[in-house]
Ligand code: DAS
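To begin, one chain is listed below as structure tokens, in the form predicted alone.
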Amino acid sequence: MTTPLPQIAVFSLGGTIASTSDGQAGTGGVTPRLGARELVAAVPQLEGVATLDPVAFRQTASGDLTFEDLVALAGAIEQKLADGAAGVVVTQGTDSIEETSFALSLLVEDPRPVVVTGAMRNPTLAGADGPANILSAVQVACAPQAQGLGTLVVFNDEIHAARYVRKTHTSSTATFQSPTVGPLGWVVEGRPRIALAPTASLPLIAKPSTEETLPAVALLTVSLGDDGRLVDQVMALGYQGLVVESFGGGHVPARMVAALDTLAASIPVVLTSRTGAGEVLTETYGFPGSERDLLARGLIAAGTLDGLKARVLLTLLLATRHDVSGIREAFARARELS
């Protein structure tokens, strides 16, 4: 008897992987035009790998995706899994993959693989990488060894955990890297290889309502000579939380401390590093503006989460009505599992 192929749902959101021209000379650059059905049809090697269920979910540049889109997508993914899909692939623009994949890892309550991919070269270019990335993503989504790893990013034949992956180059097909831990594995000759596995998944977040706009959280990168004037504007502009990308292991100029101290008494302020790798320190330095000083003033350490991912987690926590105590506890759990 022939073993039935696994069923994989493929959601398309737009982005470079789906971008083409309108066929008229001189009308400008490429824009997202292709849906999931066209994307999988362009990869004949998928035949014999899986039975595909294409879903054109959004058609946009990834920078225009919203948290509301991701909450709706997480619900649609869970419905496909409940209907019997063995796994899910999401295609989208690369500009926000590190954020969207992490959000899905917090929102999708199922051990079956959710794999996010895209392309750096659009379909009109020689050597477009979208078809190869789709093929690898589907192969990973079918793999039993990918279950229980949380949301994955598959790109350039590498398999990355959503909680660590970053876009590191504006145009290279090897743009996605996980600086702190490296990739979990790779795909070779059509077979996924998992060399490393996270110790545990981060705690799931209850899905916010799609009926309301999610809270606004600001992201501020500290730079040389910063005096904290932007910090003073956070509440005035209506933000309900702040993530600070600090120097090194968790440091800011001393002149910023008073503003952060005042703000942390009113809204949650999360401390990350602008380096993009490693872990925020908690007990090494003691000068004004050091990590010990800032944490003593009520800032919340983000552990290994970079600024982009800490902002995703803080936004979803605020959207599900967590108070500062609950947010502090959630970030503490995230640090323990990193």
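The model shown is predicted, which means the values in this text are computed figures rather than measured ones. Residue numbers run from 1 along the displayed sequence.
Only in words, not in the display: the form predicted in complex with the ligand, which the text now covers.
- Only one of 100, 136, 151, 94 comes within 4.5 Å of the ligand in the model of the complex through a heavy atom, and that residue is 94.
- Site annotation in the model of the complex: the residue of 49, 34, 295, 61 reaching within 4.5 Å of the ligand with a heavy atom is 61.
- Highlighted residues 16, 119 and 167: every one comes within 4.5 Å of the ligand in the model of the complex, counting any heavy atom.
- With the ligand left out of view, the stretch that reaches within 4.5 Å of it through heavy atoms in the model of the complex is, among 263 to 271, 196 to 204, 242 to 250, 86 to 94, 86 to 94.
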